[in-house]
Each structure stands twice: as structure tokens, then as C-alpha cells.
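Shown here is one chain on its own, the form predicted alone, set out as C-alpha cells.
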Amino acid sequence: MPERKLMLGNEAIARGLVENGCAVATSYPGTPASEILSAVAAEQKQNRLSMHTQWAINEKVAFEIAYAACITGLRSAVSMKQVGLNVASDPLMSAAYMGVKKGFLIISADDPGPHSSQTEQDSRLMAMMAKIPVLDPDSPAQAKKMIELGYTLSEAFNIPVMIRPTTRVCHARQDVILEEIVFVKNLPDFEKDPLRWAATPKFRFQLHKELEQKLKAIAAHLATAPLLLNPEAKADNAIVVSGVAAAHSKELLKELGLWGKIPLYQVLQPYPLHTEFKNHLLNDYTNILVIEETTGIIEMQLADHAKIKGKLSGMVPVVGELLPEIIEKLICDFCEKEYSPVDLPQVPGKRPTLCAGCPHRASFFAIKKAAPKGIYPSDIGCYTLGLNFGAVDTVLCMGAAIGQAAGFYHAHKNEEKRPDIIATIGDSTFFHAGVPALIDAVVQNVQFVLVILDNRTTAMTGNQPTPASGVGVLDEPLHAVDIAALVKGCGVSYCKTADPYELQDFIKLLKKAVQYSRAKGPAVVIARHPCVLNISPAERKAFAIPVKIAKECDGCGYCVKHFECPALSLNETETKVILDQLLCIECGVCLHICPKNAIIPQKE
């Protein structure tokens, strides 16, 4: 009997990579893809594999490292979330033209909903724009199988291949069959070919023509052809599904008693859609329901909109995740079957907030005190929750806090009473995309304050190391980059580092930084304190300051409203603040918050 294991979707993808001889795996963390590289590293350590795994500084660099490995003759893979693919889009477009020497997979995890992303964008559209094939798994087990299929496809046509799991695949768990791990002797052999690997525009034109021929051949490749899941079903109408929608639709057709009545096709490769399949659908069926997330990629290629019922026809929602209850109604409407919705109880939600003791909370409180009428551009990370404190005004994309701060300055610089500008960016995000913008701000003498929220980790996506951490994905020691030295290297004259837990001193420092920026240009304050989820109990105990609520508390709610620590709440009658000892990590910052000094140290 083959060994089976219950695996997270991302773990199954990682297992597929090591089973199929991946020699180089790179990534930049981003939900829902973050666990892929960590799981590859775990397999590497457990099985003593000779391979390279790396968290890169951003997705573009991660892509370029993995792609260079594939053109030396090594199987490689790069993983990221869908908005990370935007960062890697430049090398993606060129890699499609140049092709590969050995299998190269781009794993781009989409987030329909979205659950933890700026957009619901569909990576399959990027694959279509780049003109590379994309595979769309419906489950963790199928995602693992598609690693082998993807490598085979990549090497058969010398082309990068995208695998596009979604949140429901990445974060689902399933019983997965473990195959034998391929132990490959990694012998790189880069053959110089400037007309291909360094092609100038004239030769890129030829490479583009070759790429178009590859796509035609891939559209006839039997291994990735759509599957008729219920051959016994005969009807004038058919349903076409892909991705997680395929998994839901299989179950629903059986539950609704329609399994043997209406053909159900699963598209494994949404782009390029197989030519014979397109012809078969349009010639043999009267009406075709297409269910896919998030954009109508399959629909676009079917072209005959009179027969096609989907997103473009208005039948399938174009926004949001296709949950089982939505798909059930779509199938019932298409098959003219009565739909009986289940009334689910509505549970009131609670807005997300920073963890108890999070140093970012102190930083945002200080920012509001230092520049109460300021403009606060921010960035992507845990600290986006500075929205709750009124200390975040904009969140655009990775690294945009600094660029937008410059934009706000240039818009207001001729005003007599221009607002102070304090931008916030995380340490990992600063390395990822903040450095070029900071250099530009120095060159343009942008008068603003940048607060780098340095909690020594990439906290939002699972506490992966940053370039300042000094360790890699295998916990191996690496060279650590000093943020302050990097900031000064960008040309910033005013750069100070302080602990936001020392709240009063931190507020004073920010006020000085604001004054400096008004007169002399960019000022940087590095707010340095480790993430409370990333330190040991012993380290936490070292700075512990137990507190209690004094009898002077009158329930004004200032601490609850303006500091929003989960450990502080009002009692039922809203006459007194309650301290939850289970949530409190004894950071002591709240001692400085209460305007009536009703939060006091707890004597031993």
C-alpha cells in the first residue's frame, strides 16, 4: 500500500516539487502561498536533499533566480501570491519568449474573495498575456499531481508553465499519496546562446513567432486535455468547470441527482484551451454553463457567447468567491431544477486588530500624538491595521507608502500651512520595494517622515525571515543587512532607531523628526521591537510590566477606543475597563495611555 498523509494544499505542492526533482525553489512570502517554500525546506531537511531553497527579497528576484537555474538544466520553481506576480511580471514576459532548458514552474496562488489581498486578480490572465500555459488544480491532491504534469509540459515545449492554486486549494487539507522522492544529481550545464538568452528586439520577434507555434501545439497536447467526468451523462447542455469550482460541482451534481443527466467537463489547462474541445462544445451542445474563478478565461476562448452562460453573459457572478451555495444555485437555474437555499445564521463579525502587545500599536499611537493633523500613507503588512487608529490613510501596494508620501508632499508643498506627512512601512516591505522610492525621495528632497516598523520578521505571512534576520528558510546563518546603514546609504541624513515600547521617548523622537523634515527633507525613524509572536517566553518575561486597572477608572473608554488593545475592554455597563490577563502580554505600554492614570503597575 502506498503511504498516505494528510497534507495542507501548500504542503502537497511542496511534496510534488521534491518528488519531481526540483533543484532550486524560491519565493517571497504572501498568503495564500507562504507555506509552499517552508514545506519544501522541511522536506529538504528531512530527506537531506541537495537543492537550493531561498526566501528572496521580492518576487522579481525570486523569479530571476529560479529561471536562471532552469536555463542551466535544473528543474526549478518559484512561488508567490497573485499580486506578487505583478512584481515578477517583467521577467515573466521575457521568459515566455526565451523558453526554458529544463522544467520551470511558476506557482501563483490566487485569492478569490479576496481573503488577504489587495485584489481578486486572476493569474490566468497574466499567463494569457505572457502566452504560457496554466494549470488549474481543484484540490491539494490534484495540485500535487499537476507538479509532475507541469514539469512534463514545460520540458516537452521548452516553456515556463504556471500552476494556479487558489486559497481553497492552498489552505485545504486532504489525504495525499506520497510517491518516491527523486534524488537527482544536480549537474548544471549552461550553454551560451546569446541569440536566445540575450536576444535583442530583432531576435525577440523570431522568438515570439516560435512561442505562438508552441501555444498551438500545447492546445492539442493530450496530457492536459479537459476531462469528461461523467461519460454516462447524455444531454443537449453541458457544464464546464475548472479549479475549486470543479470540486464543488462534482459533489453538487451528485447531491442534486444530476450526475448521470448532464455532462460535466473539468478543464485542467484553462489557457490555451484545447482546440478540439472548443470545437466539440460549440458543435455538440445547445447551452454551456462555464463556472470558473475569478475571470472568464475559458469563456473568452469559446467566443460563441450566445451558447455560453457564464460571467460574460451575466449568469455567473463576476465578483467574489464562488462558494458552494452560489454554484448550487447556478446549476439549479441552468438545469431548471428548484433551488432550496439553506438559511445560515448570521454571526456578527469583529474587525481584525493588532495582537496584544504588538509594537506597531505603540508606533501608531505615537504617530498620532506627534502629527495629529498629518497625512499617513502606509503599506502592505500587519500594520495596515493602523487604519483602526486613524494612523493609516492610504494602502496601495507593496512599497507605495514612500512614493505616495512624495506625491502628497509635491501636491501640498506650495501651501503656506502644508500638512505633516508620516509614512509607515514594515521592515520586510522596505527591503522588498521601499528602497528605490526612498532614494527618489532623497533626490527630490521630499519633506516627510518615514517610520520603518522593524519587528525583525515578516509577521503577516507567518514570521518568515527578512534580509535583516541573519537566517534563511532552513534556519541557516546568512549575512544580515543593517536597515539603518541601508537607509543612510540611500542618502538620508536623519536616521534614528528607537523602541516604541518606550512610548514617551518615542513620541518626542517623532516630533523631532517631524521638525527636521519640515526644514531639511526626509527623516527616517526605525521603530524596532520584535514581534510578540516571534519571541520566546523568556524574552517576553525580560520586558514584562504587569499592570492593573485602578479604582479611578470611570469607563471613559479612551484606552479602548484610541489604543484598541484586545486585552482591554469595557464591562457590560461600560462603567469600567476590564483587563484580560490571558490576552495581556504585560508590555506595559498602556501605562502611558490613560489620560486619568487609571492603568497602573501591579505590585508583586
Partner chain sequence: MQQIQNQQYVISGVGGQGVLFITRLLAETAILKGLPVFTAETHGMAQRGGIVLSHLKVGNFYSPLIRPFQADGLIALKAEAFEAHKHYLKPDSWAVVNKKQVPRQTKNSSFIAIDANHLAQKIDNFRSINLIMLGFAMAKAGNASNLFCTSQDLEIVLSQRLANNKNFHHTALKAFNTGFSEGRNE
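Residue numbers count along the first chain shown, from 1. Worth saying up front: this structure is predicted, and the values here are computed from it rather than measured.
Keep in mind that the form predicted in complex with the partner chain is not shown, yet the notes after this line are about it.
K.L.:
Scan 230, 469, 404, 384 and let me know which has any heavy atom within 4.5 Å of the partner chain in the model of the complex.
P.N.:
Among 230, 469, 404, 384, a heavy atom within 4.5 Å of the partner chain in the model of the complex occurs only for 384.
K.L.:
Using heavy atoms only and a 4.5 Å cut-off, determine which of 116, 237, 534, 152 is in contact with the partner chain in the model of the complex.
P.N.:
Spelling it out, the residue with a heavy atom inside the cut-off is 116.
K.L.:
Examine residue 517 and determine whether its closest non-hydrogen atom to the partner chain in the model of the complex is within 4.5 angstroms.
P.N.:
Contact with the partner chain, no.
K.L.:
Residue-level question: is residue 181 within 4.5 Å of the partner chain in the model of the complex, judged on heavy atoms?
P.N.:
No, residue 181 is distant from the partner.
K.L.:
With a cut-off of 4.5 Å between heavy atoms, is residue 193 one of the residues that contacts the partner chain in the model of the complex?
P.N.:
Looking in the model of the complex, residue contacts with the partner chain do not include residue 193, since no heavy atom lies within 4.5 Å.
K.L.:
Counting only non-hydrogen atoms and a 4.5 angstroms cut-off, does residue 366 reach the partner chain in the model of the complex?
P.N.:
So residue 366 does not count as contacting the partner chain.
K.L.:
Want to guess which of 310-318, 484-492, 98-106, 456-464 is within 4.5 Å of the partner chain in the model of the complex, heavy atoms only?
P.N.:
Selected stretch: 456-464.
K.L.:
Counting only heavy atoms, which residues in 311-333 are within 4.5 Å of the partner chain in the model of the complex?
P.N.:
Contacts from 311-333: 321, 323, 324, 325, 328.
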